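Have a look below at one chain only, the form predicted alone, in structure tokens format.
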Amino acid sequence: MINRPPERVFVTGGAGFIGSHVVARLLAEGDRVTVFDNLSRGKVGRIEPYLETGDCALVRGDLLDPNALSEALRGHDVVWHLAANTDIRAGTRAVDVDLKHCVVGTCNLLEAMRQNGVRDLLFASSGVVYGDFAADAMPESAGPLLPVSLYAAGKLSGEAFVSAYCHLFGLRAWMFRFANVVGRGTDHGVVYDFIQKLRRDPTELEVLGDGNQLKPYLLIDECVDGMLYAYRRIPLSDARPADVFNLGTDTVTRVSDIARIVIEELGLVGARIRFTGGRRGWPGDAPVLRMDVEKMRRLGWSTTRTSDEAVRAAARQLIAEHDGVATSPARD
């Protein structure tokens, strides 16, 4: 635990996959936490044990309700903004979902921070903002950025509004472009989906696309570590009130290898892999993402696992979770 005064932390999307891990970590470090979540994808069960401690409160609210948001935010020191649409493919069916939940919600939060004098923000963006141009390792300075999904467009728009509010109204923001975050507690994503498919049919695994999609994967515990490291050890200033960080690893994993790893971890040696074909797994999928993580490395932080190791650890955690076996980061 870091020797520092406890903070009053406001976590949007705190009942979600990443958010619930953030809540657990902040409470372990002595902070007091308010979870603000509309529970459309979040689950109370993820944070229920913490609600009994007295240091964690749940406010069921929506970022699209600015009055309720501003009232709930009052009195906090820092915001971890993790709430967003987490279903990238949903944006092709309801084209306003990312506009509402990634852009309007973020703008409402920024305005509530301005009104309440809450200065510090940690913002969860995504490596998908790099679009189709990420065959080479993309540094934070890359541009122009041309997203290929509405989710990516929403995240990039969120970054722009965060930066503007920081420069105009005295906020400070640490913005993180995540690799694909995996691990215990998730209910979506490629590792989770492959396990669920093989639970239903142990003889065959359907893989969307040609299996050559290539991306970096980051274990959830290391994701939270990286965000905390940047916030606690990388100061911002009036001259540079907002900064963006690639959070991940410089290694990548092919989707066909994820399929192989999951099959191995389930012990289904004879399972057949069937590819649906095509370069993209679905419309809006960026088939290749490589991230330059040298900036965080120079600042003193890097992951301890490669992308392949993160995938395997996540598969083990999720399989054990399904089987009712407790896991911890130290065991994986």
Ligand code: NAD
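Numbers follow the displayed sequence, beginning with 1. All values derive from a computational prediction rather than experimental measurement.
We do not show the form predicted together with this ligand, though everything after this point is about it.
> Contact with this ligand in the predicted bound form for V293, defined as at least one heavy atom pair within 4.5 Å: yes or no?
Output for V293 is no: heavy atoms all beyond 4.5 Å of this ligand.
> Looking at the partner-bound form in the predicted bound form, is A84 within 4.5 Å of this ligand by any heavy atom?
Answer yes; at least one heavy atom of A84 falls within 4.5 Å of this ligand in the predicted bound form.
> Does any heavy atom of V33 come within 4.5 Å of a heavy atom of this ligand in the predicted bound form?
Contact check for V33: no, nothing within 4.5 Å of this ligand in the predicted bound form.
> Would A179 count as touching this ligand in the predicted bound form under a 4.5 Å heavy atom rule?
Residue-level check for A179: yes, a contact with this ligand.
> Within 4.5 Å of this ligand in the predicted bound form, counting heavy atoms only, one of 165-173, 237-245, 138-146, 117-125 shows up; tell me which.
Looking at the other structure, the answer is 117-125.
> Tell me, which of L26, C56, L63, A286 has a heavy atom within 4.5 angstroms of this ligand in the predicted bound form?
None of the other options qualify; the answer is L63.
> Only one of S70, N38, S302, T306 has a non-hydrogen atom within 4.5 angstroms of this ligand in the predicted bound form; which is it?
None of the other options qualify; the answer is N38.
> Of 243-265, which residues get within 4.5 Å of this ligand in the predicted bound form if you count heavy atoms?
Nothing in the stretch sits within 4.5 Å of the partner.
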